[in-house]
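A single chain, nothing else alongside it, follows as structure tokens in the form predicted on its own.
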Amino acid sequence: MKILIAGDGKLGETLAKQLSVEKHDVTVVDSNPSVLETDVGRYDVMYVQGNCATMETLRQAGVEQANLLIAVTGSDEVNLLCCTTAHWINPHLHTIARIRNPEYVEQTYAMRDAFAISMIVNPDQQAAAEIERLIKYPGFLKRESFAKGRMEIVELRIDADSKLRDVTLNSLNSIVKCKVLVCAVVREGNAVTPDGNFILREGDRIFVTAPTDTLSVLLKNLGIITRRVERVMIVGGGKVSYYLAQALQKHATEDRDTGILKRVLPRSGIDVQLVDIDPERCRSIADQLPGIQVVCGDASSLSFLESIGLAQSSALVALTGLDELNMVIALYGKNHNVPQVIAKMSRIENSQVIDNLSIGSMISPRSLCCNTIIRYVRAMQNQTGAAVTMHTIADGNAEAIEFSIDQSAMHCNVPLKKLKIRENVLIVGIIRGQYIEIPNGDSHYEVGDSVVIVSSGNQIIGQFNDIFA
């Protein structure tokens, strides 16, 4: 397909890289010549300098022949105008707009048809939702959901005292006493697809497939104690922090008689403390979210964090605009035995250095948003057999994809052991109604089922039938 990307920032560059790998005809538009010069020649894409919200620039970029426009500039207003203008020129065009400002969210969804937007993405809101899930259900580094939340792929680290240390995967189920499947392992920065003879080592990060109701059994039998999260410290007053604090403290109230903030716990039982160094930003957040405690101070100072109760926190979430600062804050939390530590990584994610630091869970808004857009692109390209859900796992080296099985699917009702499936593709789950199966060689799928696969390497699985050799 011919795809235009308006905005050559972090998300635009990531999309250009991925979509060019998937053999799409990609053109990137940006008004900043120095930004474009940096990326020219790095990927197999075309570059156009200009204001993407103008007809002249859009026509120069080929909007009249395009199938999809993805507007991800740094301005919500420009993204909206870009989509509206492009669709006016080409009424058959699909459009995706990134909208980040909380003030615009509700009205943009309500006026989506007026703006001619096919899909709205908000990486900050997606990241906040992902962090909220991790906080409410602690014990895992990451959780990726399938089958409307009834099946998940979770990430665990093999620590020195783990029951799985030096264990072969053939012996796994006898130790955890529930049926799960390890579909990928990251060791020393390298992702591998393990077989039954693979031996787990200290420092490994494993990706485990299981029905959601099996996960609590898994944690219990591994001796991983999960306590109810009562107090969350959020460091950084950006958009992700706003959305997260809003989600965690929906029912906090303010004492109108005294004007003093009441620490009223919501039904979720989670008390939220937000820290930022900018006084003006602190006042703004306190006005918008009166149910949380806002503290103004320098979070890079360990003594300051200690003074406001770092060691008493159930969870620490580092969401400043600097990856390096988030790493330092996460290390503070780990050293003070905070049970759950989550850090946002925008630029230096997937680094082996970060992995060796063992700083807890890492969240990338860019990756979450990119996955959503890539799934939309693949659905446009494959009208039948397209992915329902898609997540990137194992530091971006593998994809976990859910497909709905329809009449176009090959080899229905055939045992898996008789199928010739492409190398580095693994069927990890079959969902039939309310029943979820971790498959073996005798398992099969039927029309109406959902199938979850994990694919590693450089191969692109755009539709279900692509998994066969």
Partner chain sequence: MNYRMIGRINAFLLILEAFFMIPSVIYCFYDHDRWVGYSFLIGMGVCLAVAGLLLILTRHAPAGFYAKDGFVCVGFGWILICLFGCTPYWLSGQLPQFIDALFETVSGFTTTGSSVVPAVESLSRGVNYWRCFTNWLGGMGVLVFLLALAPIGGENGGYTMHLLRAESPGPNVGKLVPKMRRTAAILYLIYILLTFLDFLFLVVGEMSAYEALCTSFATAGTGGFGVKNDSLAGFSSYSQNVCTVFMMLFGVNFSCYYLILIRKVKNVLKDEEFRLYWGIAIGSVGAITLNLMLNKFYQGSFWDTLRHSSFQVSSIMTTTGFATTDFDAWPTFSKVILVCLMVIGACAGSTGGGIKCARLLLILKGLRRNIRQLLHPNRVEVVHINGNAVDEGILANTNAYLAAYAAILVVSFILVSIDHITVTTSLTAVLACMNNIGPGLEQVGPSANYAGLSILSKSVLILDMLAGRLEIFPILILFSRGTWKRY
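Note that the structure is a prediction, hence the values are computed from the model and not measured. Positions refer to the first chain, counted from 1.
There is also a form predicted together with the partner chain; it is not shown, and the following applies to it.
Comment: 42 to 50 is the region of 397 to 405, 414 to 422, 42 to 50, 427 to 435 lying near the partner chain in the predicted complex, near meaning a non-hydrogen atom within 4.5 Å.
The partner chain in the predicted complex is not approached by Asn67, whose heavy atoms all lie more than 4.5 angstroms from it. Interface residue remark: Asp449 is not counted as part of the site for the partner chain in the predicted complex, having no heavy atom within 4.5 Å. The partner chain is not drawn, but in the predicted complex it has a heavy atom within 4.5 Å of Ser20. Interface residue remark: Lys10 is not counted as part of the site for the partner chain in the predicted complex, having no heavy atom within 4.5 Å. By the 4.5 Å heavy atom rule, the three marked residues Asp25, Pro33 and Asn458 all count as contacting the partner chain in the predicted complex. Contacts to the partner chain in the predicted complex (heavy atom within 4.5 Å) from stretch 164 to 201: none.
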